[in-house]
Structure formats: structure tokens, C-alpha cells
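In C-alpha cells, one chain follows: the form predicted on its own.
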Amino acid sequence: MKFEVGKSYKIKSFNDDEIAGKLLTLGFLPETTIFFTRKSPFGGAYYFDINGIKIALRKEEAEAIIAV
């Protein structure tokens, strides 16, 4: 999924079951609203705010999220 800085998204599902397990333990649950705060300069990390907690994900982890 392509995320835009400064926008909120609602998680619908995941496209990779292995990565989904990790994301679920971090609090990235279906129907949860996440806020995309920034991307690292070379695109290697994506930074999210989820329920007041700031979490960095690798690009491939963030791309496993299906959200609207």
C-alpha cells in the first residue's frame, strides 16, 4: 500500500500472513486507525502513530498492510 505522510488510515487486512503475525503483536489490528507520520529519507522505514504509540516499520512490513 502507498501511504501519504500526514494521513490517517483504517487497517482492513494484510497481504502477507508471516508479516501479519508480527504486525498484530505490535497492535496493528484490523479496524484500528493508524496515522502515517513520516518516511525515512531513503525509504527504508515508515513511521506510524497507533493509539498514541510511535512505531517504525520496514518498508516491506508497511507494504503488507491493506488499509483505507
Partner chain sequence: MSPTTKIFKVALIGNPNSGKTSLFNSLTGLHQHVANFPGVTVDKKIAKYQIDNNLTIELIDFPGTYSLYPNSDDEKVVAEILSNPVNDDYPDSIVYVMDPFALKREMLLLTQLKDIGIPIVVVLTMKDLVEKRKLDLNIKKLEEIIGNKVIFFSNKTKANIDEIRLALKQSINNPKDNQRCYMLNSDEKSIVATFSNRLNFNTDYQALLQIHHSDWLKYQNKYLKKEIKEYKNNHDFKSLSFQINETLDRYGFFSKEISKIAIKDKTKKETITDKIDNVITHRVLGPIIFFIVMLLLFQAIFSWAELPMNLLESGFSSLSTFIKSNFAESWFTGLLADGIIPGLAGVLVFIPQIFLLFLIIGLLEEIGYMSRVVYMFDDLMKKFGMNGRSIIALISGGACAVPAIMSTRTINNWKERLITIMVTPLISCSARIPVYTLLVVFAVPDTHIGVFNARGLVLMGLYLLGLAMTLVSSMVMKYIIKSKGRSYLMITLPEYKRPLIKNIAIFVKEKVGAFVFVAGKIILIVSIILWFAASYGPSGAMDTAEKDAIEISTGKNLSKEEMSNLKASERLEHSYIGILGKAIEPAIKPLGFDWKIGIALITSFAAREVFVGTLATIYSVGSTDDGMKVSEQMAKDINIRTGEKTYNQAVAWSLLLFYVFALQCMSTIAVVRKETNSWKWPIIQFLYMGFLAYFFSFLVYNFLN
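Positions refer to the first chain, counted from 1. The structure presented is a predicted model; accordingly, all values stated were derived computationally and were not measured.
If you look for the form predicted in complex with the partner chain, you will not find it shown, but the lines that follow are about it.
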{"property": "Contact label in the model of the complex: Lys54 to the partner chain, heavy atom within 4.5 Å", "result": "yes"}
{"property": "4.5 Å heavy atom contact, Thr25 and the partner chain in the model of the complex", "result": "yes"}
{"property": "Partner proximity in the model of the complex: Tyr9 to the partner chain, non-hydrogen atom cutoff 4.5 Å", "result": "no"}
{"property": "Contact set, 38 to 64 vs the partner chain in the model of the complex - heavy atom within 4.5 angstroms", "result": "Arg38, Lys39, Ser40, Pro41, Phe42, Gly43, Gly44, Ala45, Tyr46, Tyr47, Asp49, Asn51, Gly52, Ile53, Lys54, Ile55, Ala56, Leu57, Arg58, Glu60, Glu61"}
